[in-house]
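Single chain ahead, by itself, as structure tokens, in the form predicted alone.
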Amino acid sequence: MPAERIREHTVPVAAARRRRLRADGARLLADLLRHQVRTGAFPGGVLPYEDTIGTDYRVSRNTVRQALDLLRGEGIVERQPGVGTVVVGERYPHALDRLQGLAETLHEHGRVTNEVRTVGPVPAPAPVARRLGVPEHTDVLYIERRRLLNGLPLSLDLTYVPMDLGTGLLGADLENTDVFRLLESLAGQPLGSADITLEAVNADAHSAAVLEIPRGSAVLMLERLTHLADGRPVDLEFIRFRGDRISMNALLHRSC
């Protein structure tokens, strides 16, 4: 191949590689800054100047700007004239290594309240009946709640409970009390364990309206089957969290 043709191909490839490396660097920097935001590392919620960030992390100013653009796109920070880049979208930590209700988990961050949208008996669909250990199509209690933290929508919870315990929930204060606490009281024993699955899903029209987000937005779906201390499954939940207001964390140990 003639030298001119080689140069023609090499220059665009080299430029593309530089753009890729810059984008990779911006993504890595955004990850580090996101962690700093989540742990409250910036006093007053104000990020350092771009030049300072570039010096601290040894990256170019263009990389810093691209990283901040990524965080702005996620709704985590915004640019305020005369102030700089400030934190605007606080994510609340939800521990996955402890079995707690939402109010217990987030008590340090404010008040969790529940808007009970639906509550009543429904015939158990086969997958629900199988996981709760009840005969198919027998009634289970279905509860749909919107959970709010300090008045802001946080999650949409869909819950199924066996009817022998669900009957006691019908007259309970579901607006101000976690279902977990009520179940322990009704069952006369503590909860023991839970099987969980966490994945990202797109918000359907109903979920989007309830959570006050655009349809199709990514939400965190937590599927949880909770057991009493004696092993009986008593609570099957499908919880859709606003991804811009929650972060999941856990402490894991490597088994020997």
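Computed from a predicted structure; not experimentally measured. Sequential numbering from 1, following the sequence displayed.
Omitted here: the form predicted in complex with a further copy of the same chain. The next part is about that form.
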Only hit among Pro125, Pro121, Gly168, Gly89 for heavy atom within 4.5 Å of a further copy of the same chain in the predicted bound form is Pro125
If we test each of Asp164, Glu184, Glu78, Glu115 for a heavy atom within 4.5 Å of a further copy of the same chain in the predicted bound form, the one that passes is Glu184
Is a further copy of the same chain close enough to Gly45, Arg111 and Glu212 in the predicted bound form that each of the three has a heavy atom within 4.5 Å of it?
no
Only one of 147 to 155, 91 to 99, 78 to 86, 168 to 176 has residues with a heavy atom within 4.5 Å of a further copy of the same chain in the predicted bound form, and that stretch is 91 to 99
Answer for Glu199 alone: is it within 4.5 Å of a further copy of the same chain in the predicted bound form, judged on heavy atom distances?
yes
Checklist entry - Can any non-hydrogen atom of His35 be found within 4.5 angstroms of a further copy of the same chain in the predicted bound form? => result yes
Given that the partner is absent here, does Pro233 sit within 4.5 Å of a further copy of the same chain in the predicted bound form, heavy atoms only? no
*Taking 4.5 angstroms as the cut-off for heavy atoms, does Val64 touch a further copy of the same chain in the predicted bound form?*
no
Looking in the predicted bound form, the residues of 191 to 213 with a heavy atom no more than 4.5 Å from a further copy of the same chain, listed in order, are Leu191, Gly192, Ser193, Ala194, Asp195, Ile196, Thr197, Leu198, Glu199, Ala200, Val201, Asn202, Asp204, His206, Ser207
